[in-house]
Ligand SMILES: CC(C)(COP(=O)(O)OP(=O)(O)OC[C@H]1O[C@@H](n2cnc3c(N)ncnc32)[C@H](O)[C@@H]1OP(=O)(O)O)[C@@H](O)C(=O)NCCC(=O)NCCS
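Listed next as structure tokens is one chain, alone, in the form predicted alone.
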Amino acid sequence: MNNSSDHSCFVRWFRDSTPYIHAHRGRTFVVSFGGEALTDGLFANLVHDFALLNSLGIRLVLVHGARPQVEQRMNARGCQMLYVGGLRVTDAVALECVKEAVGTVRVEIEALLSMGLANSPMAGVRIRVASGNFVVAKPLGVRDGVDFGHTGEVRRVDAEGIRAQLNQGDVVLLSPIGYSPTGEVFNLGAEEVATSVAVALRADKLLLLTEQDCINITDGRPIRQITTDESAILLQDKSLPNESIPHLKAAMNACRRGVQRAHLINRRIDGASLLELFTRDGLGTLVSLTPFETMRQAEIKDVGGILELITPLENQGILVQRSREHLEMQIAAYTVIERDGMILGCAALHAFPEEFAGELACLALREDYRGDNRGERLLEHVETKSRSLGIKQLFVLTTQTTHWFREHGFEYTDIASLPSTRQVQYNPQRNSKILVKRLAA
């Protein structure tokens, strides 16, 4: 860092990440990544990030894949590779390649997690890695006439055994293989192992590191948040990239089976996991049972968040001063937009039923979130609520945002058009502009 600006950015980021550091400590995260991650120069940085998460008190279970390493060995032997429905048909030769590849990959990861070089992110780190036969599997069998051989599926997870290792502060490293009570070895999918382990442990998060962003097929932009129901609809679209399908399915299934949140993170972006976990907006795709950002009726517990939101605007003279006591008494009139526990926006509707009128007041958004039509959504919500109360016209008093209301159907009016009780309360010193919008039935 060479200047005060760099210092300020670092301090701000560090402070902003503090709530997440506290929130994640002691939580259980299951992280899945493919064998592709080991094939480029970014993997060492990824391991450094794992070490950092461990040092912050996060209980980590890592599940690695090994598909490219298996394919490399099969090509060297001149073996034919057969996939059906995205699953490898594992014959005896392929199983030997799986064993070799998985063993090599696991050792390489353990070696990187054992580093402690001075002048490196791993300096002073002491990480114990635990691996073992924690996943019990069974054969996939014959499906649609195809014998999948030694390809299997998860039958049971030894959650108690994994927890015992996590309780000792170990990082648990799992491979995409499982064992049967009869001593057989089965080739499994890393996403399935990660999902099954996350569900069995009742993990707080499942992180699926992908090779690309999960893209919105309509506009090509990354999807930042999606519910399980929305995921199910998206998975029916044939144009969804094949790379995204197994990860989105795994995330959806995990959340429907009790995992609080799942994250699809492009591992090609250096530090993407840290940005996803320690910033409010993240960098990946959040999958959850319920929406991450919601609009709802305000409650007493929201008063502090509303005050934090509106105080800077009050200081600038944009909003009228409101005390905590006033907000507590009027809280039923407020609607808020909440994102991961933070109030991003609010608006109030004060009704004058005798005159079939309502006042839209205290429409405010955090500066960093004045986008994605949040203001329009709040306005639409207030208008819908007004109609349900029989309100025929909605008015607003503003000093600095006249143009925005004009763009959304409000017209200039005068004080005489206000409800009589509101006319008495009008403050001529603020000289607020009065605008009104007639609401269609």
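Since this is a predicted model, take the numbers as computed values, not measurements. Start at 1 and count along the sequence shown; that's the residue number. Here the rigid core means the biggest group of C-alpha atoms that line up within 1.5 Å when the two forms are laid on top of each other.
Beyond what is shown, the protein has a form predicted in complex with the named molecule; the following relates to that form.
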Contact at 371, 376 and 403 by the named molecule in the predicted bound form, all three, heavy atom at most 4.5 Å: yes
Partner proximity in the predicted bound form: residue 386 to the named molecule, non-hydrogen atom cutoff 4.5 Å: no
4.5 angstroms heavy atom contact with the named molecule in the predicted bound form for residue 89: no
Interface membership of residue 398, the named molecule in the predicted bound form, 4.5 Å heavy atom rule: yes
The named molecule contact in the predicted bound form: residue 313, any heavy atom under 4.5 Å: yes
Stretch from 358-366, 233-241, 189-197, 281-289 whose residues place a heavy atom within 4.5 Å of the named molecule in the predicted bound form: 358-366
One residue of 146, 159, 166, 318 in contact with the named molecule, assessed in the predicted bound form (non-hydrogen atom, 4.5 angstroms): 318
Residue (of 408, 392, 27, 67) lying close to the named molecule in the predicted bound form, criterion heavy atoms within 4.5 Å: 408
Displaced residue check between the shown form and the other one: residue 27, CA, 2 Å or over, core reference: no
Core superposition between the shown form and the other one, C-alpha change of residue 67 at least 2 Å: no
Sense of the change in Cα distance from residue 293 to residue 25 in the predicted bound form - at least 3 Å versus the shown form: closer
Cα separation of residue 222 and residue 364 in the predicted bound form versus here, shift of 3 Å or more: farther
